[in-house]
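Before any questions on binding or motion, here is one chain by itself as structure tokens, the form predicted alone.
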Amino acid sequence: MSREEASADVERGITPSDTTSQRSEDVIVQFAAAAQPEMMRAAEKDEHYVGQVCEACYDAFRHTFGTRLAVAYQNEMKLAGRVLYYLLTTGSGLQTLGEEYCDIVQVAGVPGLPATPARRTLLVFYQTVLPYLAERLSSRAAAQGMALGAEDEPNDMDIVSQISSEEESADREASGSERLASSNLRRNALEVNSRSRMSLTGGLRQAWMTALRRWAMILPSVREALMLFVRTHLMLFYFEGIYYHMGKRAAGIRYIFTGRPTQQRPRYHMLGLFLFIQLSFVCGDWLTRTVFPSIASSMRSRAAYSSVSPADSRGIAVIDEDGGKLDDKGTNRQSSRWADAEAPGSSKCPLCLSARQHPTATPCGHVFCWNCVAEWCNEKPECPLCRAPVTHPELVCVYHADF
């Protein structure tokens, strides 16, 4: 800084220390945000080093307590290794080995402001302890729900009734009136205590037991929804390029790049577009499997309800000689395609539309030519009119019929 600039700053009331801090802040703000390849490479490096720390913790525990305990508590050893690695780096306000390798630094809020200890502790909790607790609680709840579904445990009312019945049988055998009075007092006190205790905890216990029984059934759906949530978060990272881990998004911690700036910094918008298309297909498949069938069934039920005539509502069906339903006026209710062939008194075959040769009836009551219906059953084993299942042995030739 020249002497003239210093004198000008003094005249404006700016001290040299203020100027230095302002310039340092300007330098910090000028750091660019980290790109997606840098964050992904740093995450891969960190996972590699975390694996090494976890293996070291497992070996130390195995040499100290034996292989049996080490195998039984291997998940806890992995948790201890992850917590140790992130506490010594992120928890202490330092860069992880992956972040140091890629020249990126964690910041909170506006780029250039270091993360507070509370944010760093929250990030370590999100990245290490929270997934472990969620997995353990979920598996334990599913196991308890399956056990409750397999066997019914006796409740407090059954225990109280059993105790009261035993006391009543003992009272019958006793001959003294004092013993009967004392047993009645004890039974009444036991019933009062049990009712008061169940009134306080009965509702909560019943709700908890119901949730445990249903958790095993809804666990696959919960895992599928969680997987969709993870993919959605990854899609947002490909588009935004800010948060690669959900823990950093929850804690509000992002990255800035402190290395040598380069002109080309690749982005992953195309990967985000492909992932969006994949999620669209997954959501469409879910709608096809769950929502659309229920809508279609409700529409079919409405259509069937609206098409019921008064004769059908009485449960009385008038059938002609060919098995077709007639309405109140005596007209046939078949489709227009078979109207001429299915008119009352007609002797035409509905398939060839000519006079029936060797009339043959199906189990559902429709009459055709033998050759026509036999050839039809060769292609499709069903009635040509009502689509009822028909096979060749079920066809009956009708002779000496007055059609």
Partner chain sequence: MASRARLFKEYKEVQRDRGQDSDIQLLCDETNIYRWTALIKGPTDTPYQEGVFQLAINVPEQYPLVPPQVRFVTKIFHPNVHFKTGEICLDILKTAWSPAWTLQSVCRAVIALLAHPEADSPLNCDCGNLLRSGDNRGYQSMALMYTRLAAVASVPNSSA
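Not measured: the values here are computed from a predicted model. In this text, the rigid core denotes the largest set of C-alpha atoms whose superposition between the two forms falls within 1.5 Å. Numbering follows the first chain given and starts at 1.
As for the form predicted together with its partner chain, it is not shown, yet the points below apply to it.
With the partner left out here, its partner chain still marks one of 31 to 39, 348 to 356, 45 to 53, 63 to 71 in the predicted bound form; by a 4.5 Å heavy atom cut-off that stretch is 348 to 356. Taking non-hydrogen atoms only, Trp376 approaches its partner chain to within 4.5 angstroms in the predicted bound form. Taking the partner from the other structure, its partner chain in the predicted bound form has no heavy atom within 4.5 Å of any heavy atom of His392. When the rigid core is held fixed, the Cα atom of Met39 travels less than 2 angstroms between this form and the one not shown. After superposing the rigid core, the C-alpha of Ala355 moves by 2 Å or more between this form and the one not shown.
Comparing the forms between this form and the one not shown, the C-alpha position of Val373 differs by 2 angstroms or more, with the core used for superposition.
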